[in-house]
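Okay, so here's just one chain, in structure tokens, the form predicted alone.
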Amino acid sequence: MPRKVILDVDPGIDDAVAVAMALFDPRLEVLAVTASGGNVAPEQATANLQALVGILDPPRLPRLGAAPTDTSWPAKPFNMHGADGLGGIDLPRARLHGGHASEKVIWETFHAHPREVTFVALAPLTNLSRVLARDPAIVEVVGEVVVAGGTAHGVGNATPAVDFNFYCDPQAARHVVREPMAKTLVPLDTTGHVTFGFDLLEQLPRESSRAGAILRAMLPHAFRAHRQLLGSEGISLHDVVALVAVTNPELFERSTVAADVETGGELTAGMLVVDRRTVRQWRPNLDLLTACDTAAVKDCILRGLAAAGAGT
């Protein structure tokens, strides 16, 4: 049976790649894709999501959620994704059916399939935190939460100690981490081990496919941004690796830990803190994916991209 999932995204080049892969993966039943601010402003995130799904035109159209606009975001240290979040490819706006708020879509999807849905958080945890705040009892019907975020060893990409998703909304990250539900965290340390060189561009789906046209337009910007801003000739697709952790969990090493998120401090707001004391004082509350088979994960990603192209 396909695994029922909600994808929560802030598209974002790597979010867009993950969405394209998930929508055509027969192992996943994507019930909903919800937007959040983060890589781009909330309005842009919603527009990007609607345009992506509209162009990809998957065989089963998921429900779409609009990003909340009544939120504030910290200044981004740098922009890896271009003005529109998708490498400046200027996708045509395509307003699709629905138009409900992400919170509403998430709440209704969990209740429609009690304890069956995996929430895949590839964005700041704002949407899930807001759902939990409005209805704390919803933890009883959540299946699992898989989060792309945090740093296991304190080496961040938004600040020296904090990854981008937790940096955007530290309070939401703490809220979700503290909730009593099954959680798996795919930290920056682990996703960053999987990198691609320029040869990735030659292995993308053909340009005549809808997925191939989008991927071939977006990913060259990712290589330019990594080179110009990070001095790296390769790229990391953090959110895509987190998606592979959902479809192929056997490729990752897992450790159950006791963790929390710091919400204050000029340098540490959003920092994941793991209790590593000899005599641990905190109770274990999540699974941390500490390493992965990088070659196998890369192969999964390439096969997922090929499937997306074949499906369009």
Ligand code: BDR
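From a predicted model like this one, the values you see are computed outputs, not experimental measurements. Residue numbers here begin at 1 and follow the sequence given.
This next part talks about the form predicted in complex with ligand BDR, which is not shown.
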Check your understanding: Where, among 106 to 114, 233 to 241, 67 to 75, 210 to 218, do residues come within 4.5 Å of ligand BDR in the predicted bound form by heavy atom distance?
Key -> 233 to 241
Practice item. Report whether the minimum heavy atom distance between Thr159 and ligand BDR in the predicted bound form is within 4.5 Å. Key: no
Review point. Can you check whether Phe119 is within 4.5 Å of ligand BDR in the predicted bound form, heavy atom basis?
Key: no
Exercise for review: Indicate whether ligand BDR has at least one heavy atom within 4.5 Å of a heavy atom of Asn39 in the predicted bound form.
Suggested key: yes
Check your understanding: Does ligand BDR get within 4.5 angstroms of any non-hydrogen atom of Val146 in the predicted bound form?
Key -> no
Review point. Which residue, Ala172, Leu188, Leu86, Leu132, has a heavy atom that falls within 4.5 Å of ligand BDR in the predicted bound form?
Key: Leu188
**Study point:** Within 157 to 172, the residues that have a heavy atom no more than 4.5 Å from ligand BDR in the predicted bound form
**Key:** Asn157, Asp163, Phe164, Asn165
